[in-house]
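The chain that follows stands alone, in the form predicted alone, written as structure tokens.
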Amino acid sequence: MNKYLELALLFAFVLAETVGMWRIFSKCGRKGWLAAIPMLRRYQMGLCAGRDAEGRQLALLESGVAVGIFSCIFFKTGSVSYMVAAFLLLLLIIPYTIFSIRVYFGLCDAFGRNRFWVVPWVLCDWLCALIWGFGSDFKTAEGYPFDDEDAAPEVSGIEADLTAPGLSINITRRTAMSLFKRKVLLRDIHLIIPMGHMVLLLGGSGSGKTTFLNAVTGYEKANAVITLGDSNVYKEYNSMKYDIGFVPQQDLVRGSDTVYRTLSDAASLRLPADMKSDKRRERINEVLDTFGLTPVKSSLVDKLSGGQRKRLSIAMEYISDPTLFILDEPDSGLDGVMARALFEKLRVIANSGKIVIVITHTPDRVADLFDDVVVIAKDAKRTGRLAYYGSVYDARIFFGKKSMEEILMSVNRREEGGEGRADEFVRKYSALAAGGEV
């Protein structure tokens, strides 16, 4: 067949599918003209079908398939280039077809049609697009869209007092671009943490705990206002970052250095450059004593026990005497006794007038040491929301659970093995907070 005729037919099929999908997008409440944009069309199909992830993969694969088809048309049949292009096209067609089938399944559900429709969609997608797009009896099913933003809890309208002493957090939203879509990672989180409080940050995997902490510290700025005392964390970030200590889950210490040298290096980075050497040594020795590291200050890091190494990692951040101290799973890899001892030291730090926020996957063994608990949960749109903030004792009453782990399971989604009640508690907490009852 003449190559130009092949291109003309290909263009006609693409045009027919575009016109049909334009109508389908409109029926699904989306902008029809997006059907005219390659790659983006496939992603929008995924959104219409309620198959976001599959739509993304399909959009990426379509670009490769298009290149392969055009290469096969223009390369001479039987040539090495043609064979390579055909082979690569075959490799792409397989996953492209698999993801297309998943999206077509979703479309069938969205339109309330039998899933056998997937067969004609795979064999002749342009014709199906026209039939579904222009067919008057092809309408979206009752209850569609099934996971719309309206299903998620509404914005509470609560705002934390920015003049209150302590840490005031007002996060309107934190967004990020993901392929063709701006995703809301956090929304409507407002609270005040008083000085001297030790707070447990609770939430399932992917709920937004780390994103929340990054937004609070200014490491990843959100649409938010965060104040620590009289200072605005975002506006005064260059100076405030030294007043905030953050200890990641993985330690960043060199095994070939001594404990004292490790702390000395941390002090040179985090303490003021004009601090006198005797004052710096005094601070290093004070921190060594606080974390029980004085007896091993001359030992190599590689020779430390797991608990000692963890305490050293924490001491490196605490060397600057931060007002806000955040720790991500500081008890990871520690047994119950060592973990308890570590949290008791953190309790002492909080009692000295600091704010300590901790993430731990074993909260119940140290729950009595915390003043408050913050529960972050994913709502119907997979956005991190505030499901509770208050005392550990009241949290058990609020959720009707006996332990922190049971509270966590109540807000986890069902596909994660939880009860899927996040939206219920987000709404419940918002109502209580709006009424001034929490």
Partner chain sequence: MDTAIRHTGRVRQTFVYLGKLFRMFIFRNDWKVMPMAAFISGLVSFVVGKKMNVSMEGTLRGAFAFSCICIWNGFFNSIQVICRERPIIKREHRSGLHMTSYVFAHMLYQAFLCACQAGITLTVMMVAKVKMPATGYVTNAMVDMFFTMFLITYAADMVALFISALVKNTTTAMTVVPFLLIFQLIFSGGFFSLTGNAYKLSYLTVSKWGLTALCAQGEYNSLPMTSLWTSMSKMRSMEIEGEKPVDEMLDYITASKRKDELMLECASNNQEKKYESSMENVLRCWRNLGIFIVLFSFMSIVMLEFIDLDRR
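Just so it is clear, the model here is predicted, and its values are computed rather than measured. Numbering follows the first chain given and starts at 1.
As for the form predicted in complex with the partner chain, it is not shown, yet the points below apply to it.
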property: Stretch from 284-292, 311-319, 91-99, 363-371 whose residues place a heavy atom within 4.5 Å of the partner chain in the model of the complex; result: 311-319
property: 4.5 Å heavy atom contact, residue 246 and the partner chain in the model of the complex; result: yes
property: Residue 84, heavy atom within 4.5 angstroms of the partner chain in the model of the complex; result: no
property: Non-hydrogen atom contact residue 272 with the partner chain in the model of the complex at 4.5 angstroms; result: yes
property: Heavy atom of residue 257 within 4.5 Å of the partner chain in the model of the complex; result: yes
property: In the model of the complex, the one of 239, 79, 114, 205 near the partner chain [non-hydrogen atom within 4.5 angstroms]; result: 239
property: Contact residue in the model of the complex, from 300, 341, 164, 348 (heavy atom within 4.5 Å of the partner chain); result: 300
property: Residues of 184-220 having any heavy atom within 4.5 Å of the partner chain in the model of the complex, listed in sequence order; result: 210, 211, 214, 217, 219
